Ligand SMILES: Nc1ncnc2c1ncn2[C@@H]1O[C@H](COP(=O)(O)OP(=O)(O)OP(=O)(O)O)[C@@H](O)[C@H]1O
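The form predicted on its own is given below as one chain in structure tokens.
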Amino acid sequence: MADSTTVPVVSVISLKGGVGKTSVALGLAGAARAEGLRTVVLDLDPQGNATTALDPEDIGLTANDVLADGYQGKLADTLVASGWGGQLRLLPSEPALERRNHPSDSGDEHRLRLAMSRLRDVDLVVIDCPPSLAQLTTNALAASDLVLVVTEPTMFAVTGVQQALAAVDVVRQGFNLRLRPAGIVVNRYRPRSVEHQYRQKELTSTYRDLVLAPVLPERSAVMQAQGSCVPVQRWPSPGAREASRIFAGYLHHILAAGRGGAGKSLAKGTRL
């Protein structure tokens, strides 16, 4: 696969839908595109929202086909150009991918890793996972170096993040010793909300430096850009420019983490 010592492969995960996981994955991809990085987005979410937003012209094979075969090096022959231009390529999703979310044979968790084995000339791989911790996410984690956990500042944020990090630790110990968390993104933060202030402080108190700063504020520009199938970095509004600066910071953090050493068990909020 892509050389993980120099090319970060980062899975973007969440325990539940509706927290903006795909928006974060696309924001990172857009930031990488803006910096001229050769970037690949793997859409493993059967909802296919990342595929829709990236607006590829032609779709042949999809993630469902890649995981159906799982033979060595298949991914390199499956990627398509995204509608965002630059050097951004995509492994599209489709609803039929949901059938791969249930394991059928031992070793299924390594199919994506095998398919990535001949991926070359890439600076960053971003995997948009489904909002669950089932087989598709396990495949992504088994093929990744880093994990970005996305949450909203709500009542169940700490519990959800802890469950996600515990699942990451299980995969790390069972399938992928190089896997480690890159951080926690607190998304759709409203600074005037007392509840959001409290939950953000709770997350920071529990997970310390693992919570990335600054948090991502709630900005309509992010959804407007996605709806228009363009990166937020190209959307003409102050909110888009603010989000773009934050995504650029996250990208630099991930690239630096990709050059780091082996991670520790972080299920209980150990510092990165």
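Numbering starts at 1 and follows the sequence shown. What you see is a predicted model, and the numbers here were worked out from it, not measured in a lab.
Just so you know, the form predicted in complex with the ligand exists too; it's not on screen, but the next bit is about it.
None of 216-224, 57-65, 201-209, 33-41 except one has non-hydrogen atoms within 4.5 angstroms of the ligand in the model of the complex; the exception is 216-224. A residue is said to contact a partner when one of its heavy atoms sits within 4.5 Å of a partner heavy atom; Gly86 fails this definition for the ligand in the model of the complex, lying far away. Contact check for Leu251: no non-hydrogen atom falls within 4.5 Å of the ligand in the model of the complex. Residue contact with the ligand in the model of the complex: Thr52 places no heavy atom within 4.5 Å of it. Interface residue remark: His110 is not counted as part of the site for the ligand in the model of the complex, having no heavy atom within 4.5 Å. Scanning 150-189 for heavy atoms within 4.5 Å of the ligand in the model of the complex gives Asn187, Arg188 in sequence order.
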